[in-house]
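Coming up are structure 1 and structure 2: the same protein chain in two forms, each one given alone as structure tokens.
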Structure 1
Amino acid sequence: MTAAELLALIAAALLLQLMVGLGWMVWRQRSGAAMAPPPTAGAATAAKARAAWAGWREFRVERREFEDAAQTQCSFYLQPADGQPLPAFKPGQFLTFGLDVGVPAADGSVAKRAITRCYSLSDRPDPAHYRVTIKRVPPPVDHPGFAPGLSSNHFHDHVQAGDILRVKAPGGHFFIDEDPNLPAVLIAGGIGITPMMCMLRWCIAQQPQRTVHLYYGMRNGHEHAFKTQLEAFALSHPALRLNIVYSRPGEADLQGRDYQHRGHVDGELLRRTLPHGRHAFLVCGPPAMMQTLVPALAAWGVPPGDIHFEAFGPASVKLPGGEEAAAPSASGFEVSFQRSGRTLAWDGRDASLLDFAERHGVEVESGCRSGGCGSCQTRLLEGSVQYAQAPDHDVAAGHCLLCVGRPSSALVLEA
């Protein structure tokens, strides 16, 4: 055998060995795939539940329940009409609703109007249902001739079990820190209790040993939502410290039984009742509470990263060292609202174009006030708008979000 023949024989043997090895690997992979169990229904369901939906989804109202003695705060339990599981959400987030409501006209007729509104989820994540709790908003006490809250009264008067509602997926930047070693201080004023109930129920279910201080302020026991539930939680969960505060107790309200403190939830009360150490503060309430309490926490020395808040109503909260304080304070721009026929001078005082419009009496549709729902999206005809942080909502080309936007030049808005 020549050297060339020997070399060819060795090469052929090596090639055959390589082919046998590759064949063996392919056979193992195919047989392993055939022997592997198929994904379980539970795994498929969990994967589907983790994916939030885009756009609107139909929900059926399963039931409704009043949460206070005055029957001004009503919970609506919502189930997906398609029967598919619901994605989890971060405790504290909200749902966005697309509603067709009746608006009385001057001639006595009722016209339909499409509106968008956001309401905080008031229960912990559940793959079977969501819950929101909505307070009926009457006309202002000092302006009884003004119209009551359009959306809240629609829910209370017209939305019943079996009705179908259009809902967007949970959103928002206001949610609880998941560190179980960091005590949470949940501070609610009035209907601001709704995201706190969501956070509290989540903590009890997922982090039962976590210390939670709940401060809940209202006028009296007639407006005390979730009273029985909160008292039961306090009895069964030693890690919960309940602080109920009435500003105007009724004759039947007994301190020590129905409430712990008289007055308001303020910095003095927190300093007097909270133990020393680091806490995560989460605050949600009406404008007066937000505009005083949040800056008071910062003045107390609470780091900005430990203060989280969400206002309902037109409240501008300025937190020293926060994003709003860092936003450019350019002024002197003219802002024209084309539909309203108003041209105003931006002076840099307002946190957003929405606050600016409301301060000057320009009527603008709004919802979440945090860049999540798109209710205030307005066509930008001229100029440019800047955001302290990118909004959650995908802003359409040629439009801007008034609730989180500030002008960086003169503007012409369609509103």
Structure 2
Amino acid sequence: MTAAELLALIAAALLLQLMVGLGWMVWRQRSGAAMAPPPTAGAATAAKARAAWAGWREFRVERREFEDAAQTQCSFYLQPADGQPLPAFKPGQFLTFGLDVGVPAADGSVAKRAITRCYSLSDRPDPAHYRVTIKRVPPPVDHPGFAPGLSSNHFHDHVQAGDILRVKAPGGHFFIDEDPNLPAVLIAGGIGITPMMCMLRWCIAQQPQRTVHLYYGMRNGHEHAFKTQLEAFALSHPALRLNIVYSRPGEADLQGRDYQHRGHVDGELLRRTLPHGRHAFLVCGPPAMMQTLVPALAAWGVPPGDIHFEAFGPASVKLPGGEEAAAPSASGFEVSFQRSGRTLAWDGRDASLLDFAERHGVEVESGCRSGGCGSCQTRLLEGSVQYAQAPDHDVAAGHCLLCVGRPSSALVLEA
């Protein structure tokens, strides 16, 4: 064969290959839909797991477990009653529960009452179950005659394995930044440890190299929740720096073994123990801790964007340079609750429209009482409402949150 004949043969072979290739592409494009592989069971499951649900969903209590020696903090493991996989959530978010609890009356009878409460997810996302950890709330020390906390005592005394609970999908804006290069400082006071356990477990599973400093304050070893788990994490994860802080250690509590620092988690402790550099701070604790520590971080020079906090109830935190607290709202406005048929004079005595409504016996829904869950969201038919701090819940247009709102004009509310 001559060189020219050989070249012609190669060119023909290439042309044939090109034509076959083009033909194959056209055929695939035409029958594309039919050729697409059917979704696998895994893909379908993942898609379902991603979709959160609207309204209430039933969960079965799988088991319960105390987390502290005092047995005042109990974890409840929840499985969806419909057996469908659970949506993932952001580590730090909470669940909202609708409960029918018994309220003892003065004559000894027990009346049923519907209440709504929020509880943080205390374990990392898992499609098979959720976990919440609930602290029993006693009457206030200065009012021992008051009824103990309705929901927390109901959980501790009546909610058992096998029971069904009504739960709203995970929500909230308090969650850990996903940047693995940004060291996280998790600061918990008492039961404020619950969202931190979730964040910590998520970091250990998803970002094991990320440095996490956990500061966890409580009175003594009796109240020390998740003790064994935290100590095991600290042993197996060098990136976790555990700082347990007891304010009133018991006789059996040993510094260096049970706790690292004596006193409170405060700005001075953080300055003394944290390395220099940028950190993401996440704070959850009792009102006194929030009201001192969060401003202390800001005063230390931590940029507002690196300070995240959540209160488990009404607690106002003022950050320098942050949104100004709303001025005390003027009195004399008329507030009409349309559905209840009541028109009342706002006298400026109440911290919120929710307190105002409850004081006057107007029945309104409520949950977290801190602007987080949206249970008290009410249509605002006329007037305007002010907030001391922007609520965590995204308020729907034309609505307001009663639990953190105060009137700045006369109001007509749908409730």
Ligand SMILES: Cc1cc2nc3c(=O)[nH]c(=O)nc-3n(C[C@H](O)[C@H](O)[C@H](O)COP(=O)(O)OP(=O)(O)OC[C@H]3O[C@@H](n4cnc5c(N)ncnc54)[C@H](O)[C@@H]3O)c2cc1C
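Just so it is clear, the structure is predicted and the values come from calculations on it, not from any experiment. Take the two forms, superpose them, and find the largest set of C-alpha atoms that agree within 1.5 Å; that set is the rigid core. Residue indices: 1-based, along structure 1.
K.L.:
Looking at both, which one would you say is the form predicted in complex with the ligand?
P.N.:
It is the second structure that is the form predicted in complex with the ligand.
K.L.:
If I superpose the two forms on their rigid core, does the C-alpha of residue 341 end up displaced by 2 Å or more between structure 1 and structure 2?
P.N.:
Residue 341: C-alpha displaced by 2 Å or more between structure 1 and structure 2.
K.L.:
Superposing on the rigid core, is the CA of residue 65 displaced by 2 Å or more between structure 1 and structure 2?
P.N.:
Superposed on the core, residue 65 moves its C-alpha less than 2 Å between structure 1 and structure 2.
K.L.:
Following alignment on the rigid core, what Cα displacement (Å) is computed for residue 369 between structure 1 and structure 2?
P.N.:
Displacement of the C-alpha, rigid core superposed: 4.3 Å.
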